[in-house]
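First structure 1, then structure 2: two forms of the same chain, each alone, as structure tokens.
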Structure 1
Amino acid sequence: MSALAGYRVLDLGIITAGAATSAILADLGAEVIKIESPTYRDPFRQWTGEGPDPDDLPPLFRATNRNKQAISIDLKQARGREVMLRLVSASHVVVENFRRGVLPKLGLSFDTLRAANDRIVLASVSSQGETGPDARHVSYGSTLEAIGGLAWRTGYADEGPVISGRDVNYPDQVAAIFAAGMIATALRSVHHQGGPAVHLDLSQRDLTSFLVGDAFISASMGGNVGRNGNAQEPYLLQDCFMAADDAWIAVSVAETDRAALSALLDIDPQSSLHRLHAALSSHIAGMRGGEAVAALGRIGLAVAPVLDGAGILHREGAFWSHALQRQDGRLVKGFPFQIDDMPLAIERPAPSIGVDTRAVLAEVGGYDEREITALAEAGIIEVGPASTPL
């Protein structure tokens, strides 16, 4: 049995932070029902530059919505909220990452959800948290890295801060893993220890600051903390160097490696760091990447190739085993961890819009066919893919 089998999650999450949180819960065996609206889709369905064919779901959407069912409810209408609360009464978790204030405005505040189900876990994954002067501000991964302090530490000396960008989106990716862990813990508290309903406040900004908190502390104590590129104490020398075949090689040199490296490079062991760096760069530039890694490894240096996407894929089964998976012949994002006796797996691909609306409303909400048809005709729900007429 999967770790979260038997738990039902209502997923209002979009983009990465919310949707990826519930994707991890789905991977762990929870029944996850993705809820969209006839008037508002998860933007990842049409993410710019990720495939123009509406039937060819973008890779980012596939990664954050596999193993889920999908329904469509207009939560802005009173009858839509009634449908939602009926589902809440039969569920265990609600995940959302709307801008703060949106959920209460929809009439779905924590107090309202708790009235419908006194053991519900509401996980609110937000940029700035539930409270404070910036709570209602809109943020993205780039701005969160900036105000969270991460960009302050990222980049080269005497150059500007660097953000990870859309393809990494560090705060969202990390928040999803932490949020899934908190939800699993809350479920244990509520359903195994008899605790009350729980509202989890997950601030991506706070989490980003937490992860670089040691740098803040050092700076507050007068430490010289700033951007220094690949250089890092306590290494004598640490950087990336290009080989003759345009492969990049990462090298970390400790003080105890100085004599061996100087002998290999045929320079004075007391040479300046600038001279040592230049000699190593020249040495690697005269070799192919694989040769450089082998030669430096033989004298005990910490050295590794800087792999691109093709390099990573080529090392499947050697360097990684579950980071990526294959679904319907496509590579998709895999799992951040694995459980030996309850292995995570992708059982179903990301769903089309509203494809499970009819089944979920019948099986979870207890609606009969006549009621479902009436809700669809009134525009309260959407049944089946958007291109499929009622």
Structure 2
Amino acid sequence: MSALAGYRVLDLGIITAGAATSAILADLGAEVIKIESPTYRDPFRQWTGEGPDPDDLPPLFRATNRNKQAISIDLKQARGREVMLRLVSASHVVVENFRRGVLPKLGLSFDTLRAANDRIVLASVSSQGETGPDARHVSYGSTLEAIGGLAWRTGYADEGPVISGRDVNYPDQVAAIFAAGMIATALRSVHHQGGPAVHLDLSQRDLTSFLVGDAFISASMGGNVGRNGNAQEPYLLQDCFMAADDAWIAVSVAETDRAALSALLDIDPQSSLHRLHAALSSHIAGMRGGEAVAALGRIGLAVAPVLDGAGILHREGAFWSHALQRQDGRLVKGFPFQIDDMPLAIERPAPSIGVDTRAVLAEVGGYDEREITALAEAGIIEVGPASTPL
């Protein structure tokens, strides 16, 4: 049994934020039906795969679409829209992250969805929200770091701003966690408390600003909010230092560490921070990374090597356990948390296009075989190859 078992989600999410949101719902046990169209695929399907097999689904697509079923409906046709609304009437959630204005243009506004199902939760996971002058501006995660205030806070001391970039795309990752939590919150409101249908306007830009919320408080109190490199209160000193073997070592020194560190470095405990930083830098530069971590760890400092992908994997099982999972021998994105007695798990791989169209239309939409065949022949739906049984 899983926490969200019994809830059905229609997933119009594409690329990262929308699809990753519904992937978390699927990991939590919701029945998630990914909806594509005969004329429009999730663009992630086309992004380059890694392996030699040309039929391989790209890793980014696999990561954000596991545990889902897949159907294909042409929502631009009136009959396709009818099929969609019939599915809405038998579902609990619709997730979408189209460009703003696309959903109403398809005839699937919140009012329309609510008319089909007065207990529906519509989650609009957008770059910049449903409203406001920038609502239609396009963006990727790192765009939002810039316009949300995070880039202003990230960078070497007194130098230009820095973004997390294409390989991290930080706001896309956190957006999915928060959006999935808000959808679960709305489900409780509707199904435990008898509340009305809910439209959640989830803006990644808003979230990015929220996650540097203290910077706005500082700014409005007249503080000088800028970039401090790796320094951070309440730590006396915090930075990366290069060891003799070129390994970077991250160290946080609290006020309470000062005496022990000064003794180790053989300097006056009252030395200036500049002196302490220089002495620590020399100390670490004189030994290999592993030795530096061990020596500083022995006096109780928070210290760690800066790891790359291989280093992260080397510590799997020992210090972390569920963030990445293995599926068919390959690593895939895992889970940001776990639940006792109801563990999140990857039960099925990302689906091919329309692989579940026939079954979903029959079981959820109540269409009979003859109707499904007619819809397929008219190009309203696309029926993929037989699904892998659950």
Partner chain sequence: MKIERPYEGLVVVEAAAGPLGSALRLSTAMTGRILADLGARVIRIIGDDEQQQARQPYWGAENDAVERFLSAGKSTMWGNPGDREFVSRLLRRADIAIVDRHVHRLIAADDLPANVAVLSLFGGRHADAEIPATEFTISALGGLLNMVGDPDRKPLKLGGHQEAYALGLSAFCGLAALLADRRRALPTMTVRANLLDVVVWLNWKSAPLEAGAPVPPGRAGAAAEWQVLRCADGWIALVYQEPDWPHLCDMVGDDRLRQAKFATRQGRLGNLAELADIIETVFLSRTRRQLHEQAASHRLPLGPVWSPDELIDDPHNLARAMFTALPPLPGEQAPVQAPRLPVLWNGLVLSSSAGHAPARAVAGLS
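All residue numbers here refer to structure 1's sequence, counted from 1. Rigid core (definition): largest C-alpha set, two forms, superposition within 1.5 Å. Everything numeric here is computed off the predicted structure, so don't read it as measured data.
Remark: the form predicted together with the partner chain is the source of structure 2; structure 1 originates elsewhere. When two forms of a protein are overlaid on their rigid core, residues whose CA moves 2 Å or more are considered shifted, and A294 is not one of them between structures 1 and 2.
Once both forms are fitted on their rigid core, the CA atom of L276 lies 2 Å or more apart between structures 1 and 2. A movement of the C-alpha atom of L313 falling short of 2 angstroms is seen between structures 1 and 2 when the two forms are aligned on their rigid core. We note a C-alpha movement of 3.3 Å at L237 between structures 1 and 2, with the rigid core held in register.
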